[in-house]
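Here we start with a single chain on its own, the form predicted alone, put down as structure tokens.
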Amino acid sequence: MASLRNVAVVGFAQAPIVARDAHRIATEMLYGQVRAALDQCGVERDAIDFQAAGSADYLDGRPFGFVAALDVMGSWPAKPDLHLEMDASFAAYYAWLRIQAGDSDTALVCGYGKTSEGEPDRVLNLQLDPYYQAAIGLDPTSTAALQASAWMARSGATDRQLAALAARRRAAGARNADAQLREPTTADELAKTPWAVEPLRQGYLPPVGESAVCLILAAEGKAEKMCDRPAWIRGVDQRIELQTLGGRDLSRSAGAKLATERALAMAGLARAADVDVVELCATTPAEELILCEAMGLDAAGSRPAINPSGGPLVGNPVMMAGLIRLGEAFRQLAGRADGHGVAGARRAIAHGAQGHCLQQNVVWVLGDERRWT
């Protein structure tokens, strides 16, 4: 593969995930994280060449809310800017591409959203096929249940297995100060919770929370000056599948499989199991099991450590859950995962998703060493 620019994650700040921040609007929540990320890197806003954000104004009903966020992100004097109505992990991918194109050396990527001020289920319904699926009122829990049913029918997975995985993530979340669910519970307790939509129980699903995150990327030459232990991006790939649920096998994730294969090939690795940490953007236990199969990972194995942060199962802030996975991978490699660090972590995979039933996937492979010379 031809040489690319070495680009690293050099800073990451996240507001703890909460059900509702009663005292701040989304931009106020974001401001503190932008300042914290810049402070980590020891720079001011004028050191950043490009900025990108992932959010959805529909979530809180504030028209052109992303314009208000420009002031918070520090876009004056004017800087090149991008806004995506997607999870901010995809904005990070775009920022990486801009740096590869050579017109930027540094980028600031933000994710934010005030879900408590809107109706996220109604908004996310609009991601579905507008004629046959959105029109009948399907929400993310309903489609996730369809996916879980398909996975369980094909794989033979049981309700008990879903409960056990959810309990493991709750135990991990108890060690993560930014998680929304911080009390461990047992598989037996979770398996007794009522159905949300069968075969998914309420105890298996995360609450929809709100947060704000800011991540900083920098190219070689600047990354080393902004961070003592950069997390170098060694491979990345994005794949999109059909929007309509009936047009793909919901029990599998062909997009995640292909994105993983391409990202690993770019990174010079043979298997996902060759890394130390994997952060998956899975909002149900079935979704996590599908991703593990797609990536060739043992969901119950001890290495690599899967979602040591607890993952989205302990807090699912819409529009930024995927970017948090990239930030958590950085924290592990930079030695900043206080309370939930994986000893000796040198390589990590971070996964972001958007759309119902893993329609869109982006996979990052990171390491503590540069990829290209």
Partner chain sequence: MSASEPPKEPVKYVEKQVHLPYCYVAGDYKARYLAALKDKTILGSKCSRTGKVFVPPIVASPESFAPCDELVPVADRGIVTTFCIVNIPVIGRAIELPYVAASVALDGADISIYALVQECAPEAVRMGMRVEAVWKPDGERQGSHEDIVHFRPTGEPDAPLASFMHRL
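Residue numbers count along the first chain shown, from 1. Small disclaimer: the values here were computed from a predicted structure and weren't measured.
The same protein also has a form predicted in complex with the partner chain, omitted here; what follows describes it.
S.K.: If contact means a heavy atom within 4.5 Å, which one of 175-183, 296-304, 262-270, 127-135 is the stretch that engages the partner chain in the predicted bound form?
M.R.: Result for this chain: 127-135.
S.K.: Quick one: from E117, E85, D81, E220, grab the residue that has a heavy atom within 4.5 Å of the partner chain in the predicted bound form.
M.R.: Checking each option against the partner chain in the predicted bound form, the one that comes within 4.5 Å is E117.
S.K.: Can you pick out, from M73, A95, L190, V278, the residue that has a heavy atom within 4.5 Å of the partner chain in the predicted bound form?
M.R.: It is M73.
S.K.: Spell it out for me: taking the partner chain in the predicted bound form, does every residue among D21, R35 and D60 have a heavy atom no farther than 4.5 Å from it?
M.R.: All of them do, each having a heavy atom within 4.5 Å of the partner.
S.K.: Against the partner chain in the predicted bound form, would R229 count as a contact residue? Criterion: heavy atoms within 4.5 Å.
M.R.: So R229 does not count as contacting the partner chain.
S.K.: Would you classify E28 as touching the partner chain in the predicted bound form, given a 4.5 Å non-hydrogen atom cut-off?
M.R.: Looking in the predicted bound form, residue contacts with the partner chain include E28, since a heavy atom lies within 4.5 Å.
S.K.: So in the predicted bound form, does K225 come within 4.5 Å of the partner chain, heavy atom to heavy atom?
M.R.: No, K225 sits far enough from the partner chain in the predicted bound form that none of its heavy atoms falls within 4.5 Å.
S.K.: Flag D338 as yes or no: does it have a non-hydrogen atom within 4.5 angstroms of any non-hydrogen atom of the partner chain in the predicted bound form?
M.R.: So D338 does not count as contacting the partner chain.
S.K.: So which residues in 244-272, when you check the partner chain in the predicted bound form, have a heavy atom no farther than 4.5 Å from it?
M.R.: Nothing in this stretch is in contact.
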